[in-house]
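Read the single chain below, which is given as structure tokens and is the form predicted on its own.
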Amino acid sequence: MNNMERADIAIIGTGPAGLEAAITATIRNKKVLLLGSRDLSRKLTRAQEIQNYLGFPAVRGEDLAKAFQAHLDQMGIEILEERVSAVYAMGDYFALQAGEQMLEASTVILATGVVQGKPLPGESENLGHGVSYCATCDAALVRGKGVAVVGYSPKEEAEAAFLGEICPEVLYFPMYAGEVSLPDSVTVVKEKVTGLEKRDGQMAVLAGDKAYAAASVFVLRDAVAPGQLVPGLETEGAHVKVNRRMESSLPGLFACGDIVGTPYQYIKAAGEGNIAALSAVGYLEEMKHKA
């Protein structure tokens, strides 16, 4: 685990579901690995007013996020700000590809929120064969090659800039409005990407009426669709299929919050995070007795 011992519970996502799961698991004396944005949920912080969160009448999302952060600080829970691009079931534990690190945990709780929109045409078919979700993870494989980056938010520009330092050509396709701030080593193409194709042994990004060639294409979003994030995971559309214990189809892997379905409510997400953590704790106890 790259100088990190195996966690009892890895929690992916720092919205209300993931944070509540981390708090409950910590109270139960489990080694918790919390991965996500240190700015917490962007959806939460942008909420103008939340009217049904128990104990916080008519609270602004920004203020509720501050209360969440204070709770984490009080309990000494830290957030590892790494993009998790894959989770692999390894039998009695899970391996998580997080940036350049491969982390390990006995159980995993997915709380990444719902992924908006469908994959690009050709994205799923070429995943791992020319399409990647993490630039820093695959940097060694693309050094010295021409690549393309499809970015869904301004924060993805940092990975494009990083690639510009090691690749002779980087094409950046912003899938959002507004200014793009990138060094001269990156070429910005303001054309909407309509698909990805494999042509003559390399990738092609279809945008406008052109096909842009690249050795690899990095599709960078806030969250990866659960079926692509965790091979073998049973899903229902954009959601993870779970039971009332928040158990997924993979033993030891739980999910909670928006990622498991509607209603998309903060209070519902937090409650499911509590259940997922308690279920993970129970699973760990069962495994201990079987050992």
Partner chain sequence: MVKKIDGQAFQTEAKAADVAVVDFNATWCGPCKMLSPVLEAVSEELGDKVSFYAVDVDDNPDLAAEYRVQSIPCLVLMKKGAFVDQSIGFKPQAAISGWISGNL
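Numbering follows the first chain given and starts at 1. We call the rigid core whatever largest set of C-alpha positions still superposes within 1.5 Å between the two forms. Keep in mind the model is a prediction, meaning the values are calculated, not measured.
FYI, the form predicted together with its partner chain isn't displayed, but the following is about it.
On the criterion of a non-hydrogen atom at 4.5 angstroms or closer, are 185, 211 and 213 all touching its partner chain in the predicted bound form?
Negative, none of the three is within 4.5 Å.
Going by heavy atom distances of 4.5 angstroms or less, which of 175, 114, 80, 95 would be at the interface with its partner chain in the predicted bound form?
After the contact test, the surviving option is 95.
Heavy atom within 4.5 Å of its partner chain in the predicted bound form - the one residue of 119, 99, 130, 146 that qualifies
Answer to the contact question: 130.
Tell me, yes or no, whether residue 64 is in contact with its partner chain in the predicted bound form, where a contact means a heavy atom of each within 4.5 Å.
Residue 64 lies outside the contact set for its partner chain.
Is there a non-hydrogen atom of residue 90 within 4.5 angstroms of a non-hydrogen atom of its partner chain in the predicted bound form?
Judged by the heavy-atom cut-off of 4.5 Å, residue 90 is in contact with its partner chain in the predicted bound form.
Can residue 166 be called a contact residue for its partner chain in the predicted bound form at 4.5 Å between heavy atoms?
Looking in the predicted bound form, residue contacts with its partner chain do not include residue 166, since no heavy atom lies within 4.5 Å.
Taking heavy atoms only, is residue 223 within 4.5 angstroms of its partner chain in the predicted bound form?
Residue-level check for residue 223: no, no contact with its partner chain.
For the chain seen here without its partner, which of 131-139, 148-156, 106-114, 177-185 has a heavy atom within 4.5 Å of its partner chain in the predicted bound form?
The contacting stretch is 131-139.
If you apply a 4.5 angstroms heavy atom cut-off, which residues in 238-272 are near its partner chain in the predicted bound form?
Contacting residue: only 250.
After fitting the core, residue 201 CA displacement of 2 Å or more between this form and the one not shown:
Comparing the forms between this form and the one not shown, which are aligned on their rigid core, residue 201 does shift its C-alpha by 2 Å or more.
Core superposed first: is there a CA shift of 2 Å or greater at residue 77 between this form and the one not shown?
Shift at residue 77: below 2 Å after core fit.
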